[in-house]
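Only one chain comes next, encoded as structure tokens, the form predicted on its own.
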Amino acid sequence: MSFEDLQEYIQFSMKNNSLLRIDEEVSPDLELTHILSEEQRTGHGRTVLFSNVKGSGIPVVGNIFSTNEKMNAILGSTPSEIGQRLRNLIRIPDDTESMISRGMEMYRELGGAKPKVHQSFGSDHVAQDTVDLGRYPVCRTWPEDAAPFITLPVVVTRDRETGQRNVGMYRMQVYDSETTGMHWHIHKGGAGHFAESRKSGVPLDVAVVIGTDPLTMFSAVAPLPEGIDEFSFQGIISKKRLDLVKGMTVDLEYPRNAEIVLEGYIDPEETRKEGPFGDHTGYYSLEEEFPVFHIKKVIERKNPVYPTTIVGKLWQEDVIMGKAVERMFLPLIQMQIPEIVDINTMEEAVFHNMVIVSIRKRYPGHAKKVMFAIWGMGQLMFSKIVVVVDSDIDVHDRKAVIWAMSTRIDPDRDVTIIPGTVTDSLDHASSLFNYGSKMGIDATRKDASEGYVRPWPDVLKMTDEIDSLVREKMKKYALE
């Protein structure tokens, strides 16, 4: 299924007994988001609706992506199944298929790809007379956060030359009633549009949607290749066209099912200190200069709901989203690096800091070839540490991975350090902002072709005959 909007998803959660409604007054300053954090930490995983937020008449919803089951409901399938659909969509037809049948199959899969654009909202949305961010329950999450931050914005920009749209999700620090920060890293699509506006000196139109259907929110964070429209991606997954509406004061289109829309611009010459902010790395990201978003117009759904999320250490809902991305895009990664068996972007390493990948090793240096291929692939370029293991290792079994790392590595031979490379903007350990080094670890077995002159020992394994015999006896013993 595909949810029409955020409020339909809330009703779905309520009907499935996975919604916690809190009617007592809750402060948006630290208290509200800590409730969301504790709900996740204790393993309940319910979506939480706060109907009585101090200082605002607008309810807040959080933990939208709080469990794998909720993620599957939002996607309408499992991430792995969608990954196979995407792989099948772009594959070349084989000898058993006619071009007509393959074309019809692609037509069905792409039926929802092109969004449908409407000239205006329906009667359920109203343009506000004034711009006042103070009426919204924007939350402050951690004690040293510089201010309240909008944490689930769907940010829409467009390349002035090509017309290519970008949709991303970038946190927004509230400076005052009409301006916010725009925390887009230099590698992101929105930052690319900003860089072009700086060259031309022309302000950049920006539309920010706060609250839309959860699948569109997920699409805004998906690591899509340059030139792939996130709204079209949403349509491919949902198998139906996403309804967009033309902006009132900006030359942009955005989802018609929006709860709250902020239309405005970014002056290419203006930046301001942004941060600190308690980030998904488990640390505060510190003050840096970022662009400033000026709001010209606000449009609201009647009786809107404000969505928020919290990031922190390990147990937050961004882990659910990150693992969904991993499973969804694995088949596409395997199309480009076919020797890959599986991949684990480790949540303990905040996903991009350590990637474990298993391969079918065939030749000397194969592990290094895979490392460099990963570092050259989209947002996997941010992977600080890449560990390559043999296909007999389950990359999701921490014990097996550590066993391979400790028994199949000679540090002098198998550890590769790459200096002077791009890093994630949230890599606090690198000496320079966005610039540092990477490490590759070859935890595969070695042979003479790689200069290993000793016999490699066999792995302990019981015979199949004894294993089957004992398993049958253990079933008998369990009944006695």
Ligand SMILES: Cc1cc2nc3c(=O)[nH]c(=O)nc-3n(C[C@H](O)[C@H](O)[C@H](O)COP(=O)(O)O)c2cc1C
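If you're wondering where the values come from, they're calculated on a predicted model, not measured in any experiment. The first residue of the sequence shown is number 1, and the count goes up from there.
Note that the form predicted together with this ligand isn't included here; everything after this is about it.
Participant: Just one stretch in 70-78, 294-302, 338-346, 219-227 has heavy atoms within 4.5 Å of this ligand in the predicted bound form, so which one is it?
Facilitator: So the stretch in question is 219-227.
Participant: Can you tell me if M321 lies within 4.5 angstroms of this ligand in the predicted bound form, counting non-hydrogen atoms only?
Facilitator: Yes, M321 sits close enough to this ligand in the predicted bound form that at least one of its heavy atoms falls within 4.5 Å.
Participant: Using heavy atoms and a 4.5 Å limit, would one call I374 a contact residue for this ligand in the predicted bound form?
Facilitator: Flag for I374 set to no.
Participant: Indicate whether this ligand has at least one heavy atom within 4.5 Å of a heavy atom of V167 in the predicted bound form.
Facilitator: Yes, V167 sits close enough to this ligand in the predicted bound form that at least one of its heavy atoms falls within 4.5 Å.
Participant: Indicate whether S232 is a 4.5 Å heavy atom neighbour of this ligand in the predicted bound form.
Facilitator: Residue-level check for S232: no, no contact with this ligand.
Participant: Just one of T151, T281, N353, Q334 has a heavy atom within 4.5 Å of this ligand in the predicted bound form. Which one?
Facilitator: Contact check passes for T151.
Participant: Let me know the one among R85, H185, R140, R327 whose heavy atoms come within 4.5 Å of this ligand in the predicted bound form, would you?
Facilitator: For this set of options, the contacting one is H185.
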